[in-house]
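Read the single chain below, which is given as structure tokens and is the form predicted alone.
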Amino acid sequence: MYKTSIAVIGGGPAGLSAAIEAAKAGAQVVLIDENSRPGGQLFKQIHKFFGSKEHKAGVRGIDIGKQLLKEAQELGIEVWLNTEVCGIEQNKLLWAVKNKTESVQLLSERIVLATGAMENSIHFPGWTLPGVMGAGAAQTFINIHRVAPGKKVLMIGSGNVGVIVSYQLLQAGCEVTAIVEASPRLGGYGVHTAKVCRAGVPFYTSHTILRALGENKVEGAVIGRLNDKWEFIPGTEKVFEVDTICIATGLTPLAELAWIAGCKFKYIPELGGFVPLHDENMETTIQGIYVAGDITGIEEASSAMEEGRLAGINAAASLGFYSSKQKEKLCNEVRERLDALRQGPFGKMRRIKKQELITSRREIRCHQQQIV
């Protein structure tokens, strides 16, 4: 059996940031990731971040990932790759499988869950044909493996993922024939959407995919218009000759480990579904288990890194590696940066919904104390 002060599950932007902050304080940290290298989505993000200097404005996601990895290595953080955590016992004993063959146990005083999110899918006739894939899969093809997923692509979904991946597909030499959005409004930030518009890609709002065409692979796609009740309007079909259909219809927090650990949840559609309740320090309803990143509700990588820092600081402080005064100073700095990220219509909504999680968590804690 292995032992550590803090175990961080998930090596993406939130997990790396949490591990770094905890290690800076002097805590022994083990970072666990099921992939062959840490970094998560950052290594797919070749676009430059925007915002402020504190949020790495003008720096590409892949370069931010490299910076975080370098910092983690310099701090001596122990990293377990190709390792899947399968269970969490009540005493914070983790059960994991390394390299798909070796079963290991890790006893940790504190746990940070930074497990990210998974892509949503939609079902339609032909959705199992080769050539139908998540937008994230297409991004992995072009930005990690340097392989074009197809020549002509239809993108379903106009959120940030849909428009960012569409632009990157164009950069990779693919033709994006159209972006289809069921809502009457486009969902992505204007800065991303504008780039795709300037490239000449048409948007079809209030439309949905009806079916994929082809016998053994995608050879085309049919879309149709929706009325104000989100019902298909017969006679509005449009046919596209494409060999790839990418689906960018949102993300759902990967929260299975939090469920297994016994954390309390709340269903908030705006944050992606069921999300674990947590306080302003990112601690869940299970003492000593913290969360950060998309598991707490879908946001951008910049927010995930700040939440990771909060979780790492507070996990370390709970073990005595920071004084109360040091902890509050560091946490206030992080919260100020988080508040700056959660401005505007998108950010304000997320800030309000995140506050619901904190309020609900407080109510449960008060109820538990009254029972005791």
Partner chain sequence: MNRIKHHIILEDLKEAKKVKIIVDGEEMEAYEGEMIAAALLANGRKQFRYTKKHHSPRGIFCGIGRCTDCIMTVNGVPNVRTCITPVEDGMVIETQKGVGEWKRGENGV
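Residue numbers count along the first chain shown, from 1. As the structure is a prediction and not an experimental result, all values here were calculated from the model.
Below: the form predicted together with its partner chain, not depicted.
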Would its partner chain be touched by all three of Thr177, Thr205 and Leu271 in the model of the complex, meaning a heavy atom each within 4.5 Å?
no
Quick one: find which of 104 to 112, 169 to 177, 258 to 266, 68 to 76 has residues within 4.5 Å of its partner chain in the model of the complex by heavy atom distance.
169 to 177
Which one, Met118, Ile286, Leu93, Leu210, lies within 4.5 Å of its partner chain in the model of the complex by heavy atoms?
Met118
Note which of Leu254, Val97, Leu81, Val222 lies within 4.5 Å of its partner chain in the model of the complex, where distance is taken over heavy atoms; exactly one does.
Leu254
With the cut-off set at 4.5 Å between non-hydrogen atoms, does Lys217 touch its partner chain in the model of the complex?
yes
Can you tell me whether Leu277 touches its partner chain? I mean in the model of the complex, with a 4.5 angstroms heavy atom cut-off.
no
Partner proximity in the model of the complex: Met133 to its partner chain, non-hydrogen atom cutoff 4.5 Å:
yes
Is there any non-hydrogen atom of Gln343 lying within 4.5 Å of its partner chain in the model of the complex?
no
